[in-house]
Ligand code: GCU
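The chain below stands alone and is given as structure tokens, in the form predicted alone.
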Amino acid sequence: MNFSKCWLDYQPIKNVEKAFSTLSVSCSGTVVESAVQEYCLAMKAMTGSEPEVVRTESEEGVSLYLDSSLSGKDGYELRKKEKGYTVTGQSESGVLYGVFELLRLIRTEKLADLPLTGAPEMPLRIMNHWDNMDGSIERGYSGNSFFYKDYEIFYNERTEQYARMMASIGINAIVINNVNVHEKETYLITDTYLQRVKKYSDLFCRYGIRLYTSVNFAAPMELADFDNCDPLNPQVADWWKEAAKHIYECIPEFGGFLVKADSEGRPGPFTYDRTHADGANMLARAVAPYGGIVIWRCFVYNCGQDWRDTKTDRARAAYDNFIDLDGCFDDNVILQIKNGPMDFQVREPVSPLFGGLKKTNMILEVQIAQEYTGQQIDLCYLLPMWREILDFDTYAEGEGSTVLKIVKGELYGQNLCGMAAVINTGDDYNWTGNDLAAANTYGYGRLAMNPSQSPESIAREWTALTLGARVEEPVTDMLMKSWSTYEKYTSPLGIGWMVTPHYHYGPDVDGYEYDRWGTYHRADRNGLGVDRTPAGTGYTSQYNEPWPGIYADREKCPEELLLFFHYVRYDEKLKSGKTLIQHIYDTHFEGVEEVEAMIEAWRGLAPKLSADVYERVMERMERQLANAIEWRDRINTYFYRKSGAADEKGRKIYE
């Protein structure tokens, strides 16, 4: 086996209850059978013997039941009975989720928590793959694709393991190709590849997961020699209807399309003076007869900006493009909105679209792949960030209108909502390059299933399942501190970017400062930051009150976002009493010191970890330290040269 089993690595356990040696199954279905297989596989690994499976109801052992009256779609209930345990599911997927939950409780020695009920709190829990059919992965940091190579589609033991892993954390939708759909990938919806795509769909369906593909908006031009792709052209609409009909004939369980249009050079309806609603609805009507969904990304902005223009603001773009279309999208269209207005930076405000749209299905998009947060070299546990995003109050319907209520469907009574994440897996042995980066993969699924869980409890659970209870406390501590540490030695106070262009790893303070991407810090000899108040770009006005007044007020603005919203002089004092320039110096020195402390803590765990895991993580941490030092020295030197202000503590800053 050339891959790790990650959190599904079932290790032998002692003193296993006799009840676990029998599994009685009084329900049926393909997903139930996956639950049975998962239970048997796990118990054989943990006890050394495969449990007896009885296809009738029994008072002894573990019993699986279906009960459609159970509350919560795909919900489950676990109970202790006199001579065993019951797992009841509202659906087949509920049974599967219940079995995975029971196995977690066994492994973490928490069976005393029973009885226990659970149900997915977000309707859609999606993984977006940015895999290309040549085998590469855009923004992939853990090897090549395990779906594709040389324009062929794999199907093997590894892809089956992947489906099991995704089901175990509650994922119910997977997009199998990059949102930037290239020439060969355009053919995924044709007979060139459909039968092989069907094999993935069949696999995913066994685990309660629906398959989606990213599609090229210009497919009729590339596949059928159309001279346009105008969404209001009846012939274009008919082409998509025929394409969808054929897809669903081949793959009845097909989920639908994910679309990146009019963004970063991708084709879309703007070419024909049409709106995003025109484009999305045309596709949505093609898949609607089959229960299909169109997910339309809101990552739309001018990527040809003039750095001299201080009024055009990339942060405004998504809101400006979509707010006037609220209520114009068909019922089976979902807008996929990035967590912030820019692009997965280490710190951004929450996208104002979540507070603006009220008549449109919405999904929150986050990025597990650490494109701007260390690329799975540097440790950066992202769940604390996502927790803050979900807890953000948009005030859309008054106080308490959190992003979480929106993506759960509570605020507007929506069923097509939830979360989507750009996943971080590849064909490396450990799936995620850095073994510890798998905590983000696992954590995303667990958070989307049950967002009432704390990031710390999820970190503890992942550590216990993956690395063992002996290191649960110190590894959890490392994970919980890592986002703050990464933020300290990179870009300060929400300014973002300052990264090496294209690669996005390592510092280059002015790398994007005079470029076309709209990612500016506006540093000069007196200060830095972007004025997004009404006197500047006006971005603050896109939020509901009280946020415009808070963000536009230099004194009230949350300090961690200060430079995102304001230009601040180097000699201005922050709430800590430090000047801005001293804060920059201090945090960058602190960040390096915290990485050094992390390495020492990891060294102390060597006797409690397998040698291969220890060495792989240590190699990444040493690279992280080198990166942190480079960030510290470049940032501090840059701003010392800009400001001429010395470090009050007299530490080494290069002139």
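Residue positions are given as counts along the sequence shown, with the first one as 1. A quick note: this is a predicted structure, and the numbers were derived from the prediction, not measured.
Another form exists, predicted in complex with the named molecule; not displayed. Remarks below refer to it.
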*Using 4.5 Å between non-hydrogen atoms, is Tyr381 touching the named molecule in the predicted bound form?*
no
_Just checking whether Trp130 would be counted as a contact of the named molecule in the predicted bound form - the rule being heavy atoms within 4.5 angstroms._
yes
*Heavy atom to heavy atom, is Ile176 within 4.5 Å of the named molecule in the predicted bound form?*
no
*asked:* Taking the named molecule as it sits in the predicted bound form, is Tyr486 near enough to touch it, meaning that at least one heavy atom pair lies within 4.5 angstroms?
replied: no
_Check for me: heavy atom within 4.5 Å of the named molecule in the predicted bound form, for each of Arg297, Lys338 and His504, yes or no._
yes
*Where does the named molecule sit in the predicted bound form: which of 239 to 247, 156 to 164, 136 to 144, 108 to 116, heavy atoms within 4.5 Å?*
136 to 144
*Looking at Glu185, Glu371, Asp74, Asp435, which has any heavy atom no more than 4.5 Å from the named molecule in the predicted bound form?*
Glu371
*Only one of Glu410, Asp477, Asp320, Glu264 has a non-hydrogen atom within 4.5 angstroms of the named molecule in the predicted bound form; which is it?*
Glu264
*At a 4.5 angstroms cut-off on non-hydrogen atoms, which residues of 618 to 633 are near the named molecule in the predicted bound form? List them in order.*
none
